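Only one chain comes next, encoded as structure tokens, the form predicted alone.
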């Protein structure tokens, strides 16, 4: 059963990508891509509700559909479904803008390329979360960089191309650091007696952790956390995120902010599982506490005077992934379970936020906060979507982030990181106030009716879907949910 689900999860986006390149009818490729996202969502749900062994490795130990992978597939499937759905109207708006553009030399948007890259991006993320081999995981994370570099520069404007170049350089540098760490793990494993084919398999490393050299693993873990942390948007390699998210098509920003950074962090959780067994919990947890709190501090301070709403949401993502890192540093089962819930809820909320501002950008032709007003009055579905997204992201009850943040802070009482938790609370409050102030400026007031007329077109069903998903997660999900606690328990070395 595991082999079948994994095979379908990997093959579906590959087939969709090939069909996107070869088929000429846009409606067909759009439908195939959305169906592919729904398949990923269905596989995650089926895996969670089935009786299959969640820890079983398949395909000669290369892949595994465990609880962490199932939760990450849930995020990938749900957010890619919303992003794919929103991409249809977003590309329509791009084509309409090109048709009436005063620059006849500007190329029209290439839908076939967009959907092909969209599905390659999905495949790479699925492979990263299903991989049981650190080498394959590294290749998958690097593949996400290649696919998203072209998507960030999809508009082919000077600013978007600059953002794509910056994104590629910073993330590739970070991934190169992670590759060095993976190579050191391979060296330590082979010199401890493990075969070359098993040296990078996560389940083998966690089983034979006593054989691994501590000095080599100390260096390897530090490099991998730093390198994969660059892809997750953690300080000090966070600067690519606001530029890339502000220039990429809004549905792609939703995928990058709502899913990609969480996928990268799930890899860090795999690394921490090995580190906790080999080196003890304090080593990796100290790394995460410092990087997480620094990310929250930088993001919250940048949010105070932010004037661009897409950059605002990107900086909010840095703050959120920083909080996830802080939660991981606490190391308790409750904290890990809560951060997994946080990742799921944040993915839905942030995707709804980016899709909403994508409609705003299409109607107002600006990303400046000061030039957008009256969305609730003149574009009620978009204004409603932004308000819902804001409520999710600042952690208002009954939305899930309230429960996840409460559980994480509560779990701090069982650790020696109480001061870290206090600092996290301060930065959450600063970020929340900044977000509320900016979003209320955009949604309240009389606004510009002429600019807002086209904003809501085709958006209402997406807003309703995002709202319903957020409400259901807030009501039904809990950090003490059996699935989340099981996933947290499966990460070795928890206290």
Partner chain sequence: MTNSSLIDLASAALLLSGVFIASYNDLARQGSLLRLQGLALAAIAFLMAFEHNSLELWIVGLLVLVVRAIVLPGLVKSAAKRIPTEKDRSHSRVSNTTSLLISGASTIVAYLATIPLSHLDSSSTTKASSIGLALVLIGVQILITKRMAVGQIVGFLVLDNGIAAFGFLATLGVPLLLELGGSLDLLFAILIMGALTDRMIVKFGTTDVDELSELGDR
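Everything numeric here is computed off the predicted structure, so don't read it as measured data. Residue numbers count along the first chain shown, from 1.
If you look for the form predicted together with the partner chain, you will not find it shown, but the lines that follow are about it.
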Exercise. Of the residues 371, 307, 112, 208, which one places a heavy atom within 4.5 Å of the partner chain in the predicted complex?
Worked result: 307
Problem set entry | Answer option from 290, 96, 418, 216, heavy atom within 4.5 Å of the partner chain in the predicted complex | 216
Exercise. Taking heavy atoms and a 4.5 Å cut-off, does residue 149 contact the partner chain in the predicted complex?
Worked result: yes
Exercise. Would residue 402 count as a contact of the partner chain in the predicted complex, using a 4.5 angstroms cut-off between non-hydrogen atoms?
Worked result: no
Exercise. So in the predicted complex, does residue 334 come within 4.5 Å of the partner chain, heavy atom to heavy atom?
Worked result: no
For this session: State yes or no: in the predicted complex, is some non-hydrogen atom of residue 277 no more than 4.5 angstroms from a non-hydrogen atom of the partner chain?
Result: no
Problem set entry | Answer range among 69 to 77, 269 to 277, 187 to 195, 373 to 381 for contact with the partner chain, defined in the predicted complex as heavy atoms within 4.5 Å | 187 to 195
Exercise. Looking at the partner chain in the predicted complex, is some heavy atom of each of 136, 153 and 183 within 4.5 Å of it?
Worked result: yes
Exercise. So which residues in 287 to 317, when you check the partner chain in the predicted complex, have a heavy atom no farther than 4.5 Å from it?
Worked result: 302, 306, 307, 311, 315
